[in-house]
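We begin with a single chain expressed as structure tokens, specifically the form predicted on its own.
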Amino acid sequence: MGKTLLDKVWDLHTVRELPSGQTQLFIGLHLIHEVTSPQGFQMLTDAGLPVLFPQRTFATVDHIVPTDGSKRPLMDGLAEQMLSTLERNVRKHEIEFFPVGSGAQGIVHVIGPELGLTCPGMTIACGDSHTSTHGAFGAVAFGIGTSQVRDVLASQCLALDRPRVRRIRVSGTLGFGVYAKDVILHIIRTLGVKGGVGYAYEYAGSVIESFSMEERLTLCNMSIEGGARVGYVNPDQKTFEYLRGRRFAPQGEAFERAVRWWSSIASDPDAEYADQVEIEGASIPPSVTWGINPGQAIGIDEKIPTLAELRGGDRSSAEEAIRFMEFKPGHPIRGTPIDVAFIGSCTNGRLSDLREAARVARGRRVAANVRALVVPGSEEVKRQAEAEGLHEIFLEAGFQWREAGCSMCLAMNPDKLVGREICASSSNRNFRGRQGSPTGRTLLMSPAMVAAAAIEGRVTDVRELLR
């Protein structure tokens, strides 16, 4: 019987099986940022321990940096403290750091791939839920808590339960105006926000194979929103060509040797899966969330469900969502007025995302009542977008063009909703209070759909503008 990529990578990184039944797993790459690392470093200091393998840890700043300029000290005292603490720790432990202005700073899950740090066959950990993003390269990547950040710093290992593997095949072709964001929202809607608990999701099928690496990153990014701690795509020629020549990727003959090994860790044709799901790509519409978790999503032409239409387990959450959102069951999501439009985040802040949004915005104007932000995922994305003139398209349309950072995805910085504002957002979570206001409301959608909503001032079918 063949093996899945997850099992191959897991076995190669297993140090030992623990008495608890967990695996002591070696972590090949550790990514840190300013929010979840200070506690880990302090625990190390309290225990009198060094960072065991500092060359395997890389740091950036993303969550708390203002995207309208980051003069020091930062105006937010706590943010300045977190940033200063990170700076002290990376100097003390000789960890490579990509600060603002370095040309390599950005959201941790954007810079890892673009710098060539993320490679197939790796185990990758970061103190951030959306570390599953890196699975797009055929890595086993997962988010960890602050005590686990300490464990990786001190030992380069974690104690973990091996997940089962569910293969999700998306076959056929996607319709016009349908993006990777729509695919993952549809998957989460179909399987539920807890459907992936205990699983790793292996994404396969002709739709996934046709995706660019940036589209695969979007897909894997939101695996955690479906309950799966890990989501991955088997590496292929697109993976290898993306990595060729990148700063931290193998170079020359070492790269060719790496490709041969990377090819071998893909799931075997006769691999056994705990579960398999088939989805027809043509059935996936441009999607929008209507509630307070990413599974509460519908197609642009659908209506907000009535409680009678929902399964029993979904009804209590739906009741809460409808009360909070103040939407009416049975009414269409299309036409919902918005106040704010946000394009960015580790889900959809890459160059291809900005290109698609700019395609919608070109020659049009943001509605008078809408505040619209475009936030590149990294300094490199910003540089490339400006080289292509995308920033000019956004500025002429009335969008704000910002510096790299997490921005309004989670509002640990000045970019926040105010009061009951409704935001069309290309980010990954629509939880209550997620975007900075306890009463603010978030509608998740693709960057192109966000741009369309910004232009029209309401939730709109992007296909109408693309035609």
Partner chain sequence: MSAIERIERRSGRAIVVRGDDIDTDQIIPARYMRSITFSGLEEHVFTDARRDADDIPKDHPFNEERFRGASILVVNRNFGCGSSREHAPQALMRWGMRALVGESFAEIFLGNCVAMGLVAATAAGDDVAALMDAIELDPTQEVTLDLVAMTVSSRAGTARIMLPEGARRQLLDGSWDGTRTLLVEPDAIRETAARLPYLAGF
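Numbering follows the first chain given and starts at 1. What you are looking at is a predicted structure, and each value in this text was computed from that prediction instead of being measured.
Same protein, other form: the form predicted in complex with its partner chain, not shown, and the subject of what follows.
Novice: Hey, in the predicted bound form, is Asn293 touching its partner chain, heavy atoms inside 4.5 Å?
Specialist: Judged by the heavy-atom cut-off of 4.5 Å, Asn293 is in contact with its partner chain in the predicted bound form.
Novice: Even though its partner chain is not shown here, does Arg244 get within 4.5 Å of it in the predicted bound form, heavy atoms only?
Specialist: Taking the distances in the predicted bound form, the answer for Arg244 is no, it never comes within 4.5 Å of its partner chain.
Novice: Even though its partner chain is not shown here, does Gly69 get within 4.5 Å of it in the predicted bound form, heavy atoms only?
Specialist: No, Gly69 is distant from the partner.
Novice: Are any of the heavy atoms in Gln400 no more than 4.5 Å from a heavy atom of its partner chain in the predicted bound form?
Specialist: The answer is no: Gln400 has no heavy atom within 4.5 Å of its partner chain.
Novice: May I ask you to choose, among Leu78, Ala274, Ala387, Leu395, the residue with a heavy atom within 4.5 Å of its partner chain in the predicted bound form?
Specialist: Of Leu78, Ala274, Ala387, Leu395, the residue with a heavy atom within 4.5 Å of its partner chain in the predicted bound form is Leu78.
Novice: In terms of non-hydrogen atoms within 4.5 angstroms, which of the given stretches 332-340, 193-201, 279-287, 363-371 touches its partner chain in the predicted bound form?
Specialist: The contacting stretch here is 193-201.
Novice: Indicate whether the candidate residues Leu52, Ala154 and Arg229 are all in contact with its partner chain in the predicted bound form, with contact defined as any heavy atom within 4.5 Å.
Specialist: All three within 4.5 Å in the predicted bound form.
Novice: Only counting heavy atoms and a 4.5 Å limit, does any residue of 158-174 reach its partner chain in the predicted bound form, and if so which ones?
Specialist: Going through 158-174 in order - heavy atoms within 4.5 Å of its partner chain in the predicted bound form - the hits are Leu158, Ala159, Asp161.
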